[in-house]
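Structure 1 and structure 2 below are the same protein chain in two forms, each given by itself as C-alpha cells.
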Structure 1
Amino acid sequence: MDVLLLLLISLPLVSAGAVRLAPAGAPLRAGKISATFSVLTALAAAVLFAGQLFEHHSGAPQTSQTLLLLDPLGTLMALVIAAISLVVHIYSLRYMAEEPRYAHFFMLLDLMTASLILMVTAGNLILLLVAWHLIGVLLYFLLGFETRSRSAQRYALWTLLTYRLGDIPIVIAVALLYHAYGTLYLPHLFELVRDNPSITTEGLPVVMTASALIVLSAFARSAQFLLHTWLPYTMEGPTPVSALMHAGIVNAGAFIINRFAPLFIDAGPVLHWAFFVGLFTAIIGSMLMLIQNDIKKSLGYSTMGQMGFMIMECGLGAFSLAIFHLIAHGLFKGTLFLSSGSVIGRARHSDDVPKNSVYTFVVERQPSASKPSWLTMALLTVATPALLLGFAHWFVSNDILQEQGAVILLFFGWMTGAQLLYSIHRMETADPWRMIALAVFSLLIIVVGYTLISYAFGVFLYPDEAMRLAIYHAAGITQPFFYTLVGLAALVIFAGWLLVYRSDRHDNGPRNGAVWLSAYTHLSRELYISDFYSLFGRTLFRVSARLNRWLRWL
C-alpha cells in the first residue's frame, strides 16, 4: 500500500514532466500523455480506496512512513480528486485544442492534481503546508491562463491573495500545535491532543486557538462570507479550470476541518462560529445567485451557497456529512460547469438561444389543465418531506433525534423539501398531479439515498463511534437556546414563504416598494465588498509609490 500511495502522488508529477518534454511540434500528444496518466492515477486511487474498504480499519493510519497518511479520509478524497481530474483531462483534450499553450495547460493540470492528492494524503504538518500553499500558486496560473484577458489576470490575483491570506492562520496553527505538543506527525499529534487537550501557550488554550485558526483558513479556501469575492469572479479562466475549482479545490475547507477533527472535540465554540458563518454565507450566496444573469457567475454564487452549507454541516458536528456533501456537490457542479462551457461555446456560434426539452419545459410554459388546491398543496409540501425524512433517519438510527446537529439537519431537509415541492407546484404543466407524483418519488429516492450514504460515510470515515458522538456533542448548545433558534428559523422561513406567496398573487406587490428596490440595488452591487477590496488595493499601491518617492535614496 505504501508503494501505491507513493505511486499515486508520483504519477501526475511524472506526467507533468513528460508533458513538458513532449516534442514542441506535437502539442496534442502532450494532452494524450497527460490523459493517459490521469487514467492511471484514477486507477491507483480506486485500488487504494478499495483496499481501504476491504481492510479492517481502526482509524489508525496504515502506512509505515511518517510523511504520508493512508486513512479513510485521505483515500476517499484522493479518489474523488483523481476522478474529477480525469473528467477534466478528457474534456480538455478537445476543449483546449485551439489554445497556443495547450501542453503548458496540461502540465499545470497535472501539477495541480499532484498537489491536491498530496494535500489529502499528507501525514506531516509541513508537507500539508507545502501542498496547501502550492495549490494557491498553481490555481493562479490556471485561472490566469488566458493572458489576453486583463480581468482574468486581475481575478486570478485576487484568488491567489485570498488563498495566501488563508495560509496565515493555518501556518500559525501549525506553529502553535508544534510548540505545544512537539510533533509534526498528525496521528501522533492527535494522540497527544487526546491525552492532554488543555495545554495553554501564553495564556491561550492551544487546541481551541489552533482550531479557530484552522477554521479561518477553511473560510478563505471555501469562500465564506467576506472572503468569498474571488470565487464568482474567476469565470474567465478556462471552463475545465472552473470545473476543477468548483468541483474540487474550493472544497478544501471541509477537508481541512475533517483532517483536524480530533481537535474539534475540545473546541465546541469554534464549531458554533463555523455554523453561523456557514449559515450566513449560504444565505448571502443564494441571494446573490438569484440576481445574476451570467450562467457561470450564477454558478459561482451557487457554489458559495453550497460551501456555506458545507461549513454549516461541520459547525453542526456532521463532519462526515460535509464530506458527502462535498463529493455530491463536486460531481454535479463539475458537470454543470463543463456543460455551461459547452452552452457558451454553442451560443457563440449561433444567435439563437439554445433550445432543448428543458428550455421548452421551463421557459415556454405549458398551459395548466387543472391545478390542485392551495390547501392540498400546502399540506403535501409540508407533510411529505417530514414523513420521508423521519422514516429514513429512523431506519438508520432510532436515537438520532438525541443529537442537536441531526435535528437541525432534519429541520433543514424538511424546509428544503417543502420548498422544492412548492416550487414544482408553481410550474405550469398540463398534468400537475403526474409531476407532483414524480417529484415526491424523486424526493423519496434522494432522501433515502442521502440518509443511507451519509450514514455509511460516517461509519467509514470515523469508525470510532465515540468520536462521532463526541464531535456532535461538542457542536451542541444549551437546550433553551437551541429551541429558540429552531423556532426563530422556522418563523423566518415561514414568513419568507408567505412573502413569496403574497408577491406571486399580487404582481405589483411589495417587490416594487422602496425597501425592495434598495435591497436589490445593494445586492446587485454585491454588497460593495469587492469595491472595498479594490479600494484597499489601490490605496496600498499609492502608499507604495509615495514611499518609493520619499525614500528613493534608502
Structure 2
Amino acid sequence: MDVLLLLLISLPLVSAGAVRLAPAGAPLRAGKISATFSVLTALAAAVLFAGQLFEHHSGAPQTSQTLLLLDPLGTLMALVIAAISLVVHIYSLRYMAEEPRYAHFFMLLDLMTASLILMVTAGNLILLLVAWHLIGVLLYFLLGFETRSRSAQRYALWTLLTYRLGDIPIVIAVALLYHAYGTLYLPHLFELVRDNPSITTEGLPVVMTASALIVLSAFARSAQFLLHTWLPYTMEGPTPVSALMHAGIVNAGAFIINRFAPLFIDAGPVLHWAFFVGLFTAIIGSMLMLIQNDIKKSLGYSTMGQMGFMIMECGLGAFSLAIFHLIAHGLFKGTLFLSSGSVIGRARHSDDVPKNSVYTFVVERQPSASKPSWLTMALLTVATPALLLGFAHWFVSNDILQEQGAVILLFFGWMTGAQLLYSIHRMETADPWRMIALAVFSLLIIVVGYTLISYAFGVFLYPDEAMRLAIYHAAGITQPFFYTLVGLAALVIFAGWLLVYRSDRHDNGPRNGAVWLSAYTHLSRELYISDFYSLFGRTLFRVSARLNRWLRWL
C-alpha cells in the first residue's frame, strides 16, 4: 500500500515531465499522454481506496510513513481528486484544442493534480504547507492562462494575493503546534494533543489558538464572506480550470478542518465561530447567485453558498457530513461547469440562446417534446436513490439524530424540500399531481439516503465513536439557548414562506415595493464589497507612492 501511495503521487509528476519533453510540433500527443496518465492515476487511487476499505472492515491497523499518511480521509479525497482530474483531462482534449499553449495547459493540470493528492495524503506538517502553497501558485497560472486578457491576469493575481493572505494563519498555527509539542508528524501530534490539550505559550492556549488560525485559513481558501470576492471574478479562466477549481480546489477549507479534527475537541468556541461565518456566507452567496445574469458568475456565487454550508456543517461538529457534501458538490458543480462550457461553445456559433430540453422546461416552462415517458423517469428517479440507500444500509448500525447539529441540518433539509415542492408547484406541467407525488417520494428517499450515507461516512472516516461524540459535544450549546434558537428559526422560516406565497398570489404586491427594489439594487451591486476592495487598493497604491516620494528626501 505504501508503494501504491508513492505511485499515486508520482504518476501526475511523471506525466507533467513527459508532456514538457513532448515534441513541440505535436501538442495533441502531449494531451493524449497526459490523459493516459490521468487514467492510470485514477486506477491507482481506486485500488488504494479499495485496499483502505478492506483494511477498515478487517480491523487491520492503518499504515503510514514519516512524510505520507495512509488513512481513510486521505485515500477517499485522493480518489475524488483523481476522478475529477480524469474527467477534466478528457474534456480538455477537445475543448482546449485551439489554444496555442495546449501542451503547457496539460502540464499545469498534471502538476495541480499532484499537488492536490500530496496535500490530502501529507502526514508531515511541512509537506502539508508546501502542497497548500503550491496549489495557490499553480491556480494563479491556470486562471491567468489567457495571457491576452488583462482582466484574467488581474483576477488571477487577486486570487493569488487572497490565498497568500490566507496562508499566513496556518503557517503560524503550524509553528505554534511545533513549538508546543515538538513534532511535525500528524498522528504523533494528535496523540500528544489528546494527552495534554491545555498547553499554553505566552499565555495563549495553543490548541484553541491554532484551531482558530486553521479555521481562518479555511475561510480564505473556501471563499467565506469578506474573503469571497476572488471566486466569482475568476471566470475568465478556461472552463476546465473553473470546473476543477469549483469541484475540488475550493473545497480545501472543509478538508483542512477535517485533517486537524482532533484539535477541535478542545478548541472552545472556535466551532461556533465557524458555524456563524458559514451560515452568513451561505445566505449571502445564495442571494447574490439569484440576481446574476452571467451563467458562470451565477455558478461562482452558488459555489460560495455551498462552501458556506460546508463550513457551517463543520461548525456543527458534522465533520464527516462536510466531506460527503464536498464530494457530492464537487461532482455536481464539475458537471455544471463543463456543461456551461458546452453551452458557451455553441453560443459562439449562434446569436440565439441555444435551446435544449432543459432550457425549454426551466426557462420557457414548456414540457420537453423529446423527454422519455413518465414511467421511465419514475423508475430512474426511484431506482437510483434506492440503490444508494441499500448500499448505505450495509454500513449503518444506528442513527445520528440525537445531536444538536443533526437537528440544525434537518432544518436546512426541511427548507430545501419545501423550496423544491414550491418550485414544482409553479411549473407548468400536464399532470401536476403526478409530478408532485414523484417529487415527494424522491425527496423522501434522498433525505433518508443522505442521512444514512452521511452516517456511513462518519463511521469510515472516524471509526472511534468517542471521538465523533466529542466533536459533536464541542460544537454543542446549552439546551435552553438551543431550543430558543430553533423556535425563532422556525418562526422566521414560516413567515418567509407565507410572504413568498402571498407575493406569488398578488403579482403587484410587496415584490414591487420600495423595500424589494432597494434590496435588489444593493444586491445587484454585490453589496459593494468588491467596490470597497478596489477603493482600498487604489488608496493603498496612492499612499505607498506618496510615501516613496517622501522617503527620497530623507
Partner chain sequence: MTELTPRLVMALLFLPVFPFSALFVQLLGRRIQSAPIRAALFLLWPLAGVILLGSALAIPDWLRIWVLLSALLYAVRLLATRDLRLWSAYLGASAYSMLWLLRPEFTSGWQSALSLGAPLALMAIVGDALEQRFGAAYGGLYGGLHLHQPRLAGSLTLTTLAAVASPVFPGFFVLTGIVLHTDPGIATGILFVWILWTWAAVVLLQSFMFGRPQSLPAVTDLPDKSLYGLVASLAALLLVSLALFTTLLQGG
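Every value quoted in this text rests on a predicted model; they were computed, and no experiment measured them. When a residue number appears, read it as a position in the sequence of structure 1, where counting begins at 1. Throughout, rigid core stands for the largest set of C-alpha atoms superposing within 1.5 Å between the two forms.
Asks: Could you let me know which number goes with the form predicted together with the partner chain?
Replies: Only structure 1 matches the form predicted together with the partner chain.
Asks: Does the distance between the two CA positions of residue 10 reach 2 Å or more between the two structures, the core being superposed?
Replies: No: residue 10 shifts by under 2 Å between the two structures.
Asks: Once the core is aligned, does residue 540 move its Cα by at least 2 Å between the two structures?
Replies: Comparing the forms between the two structures, which are aligned on their rigid core, residue 540 does shift its C-alpha by 2 Å or more.
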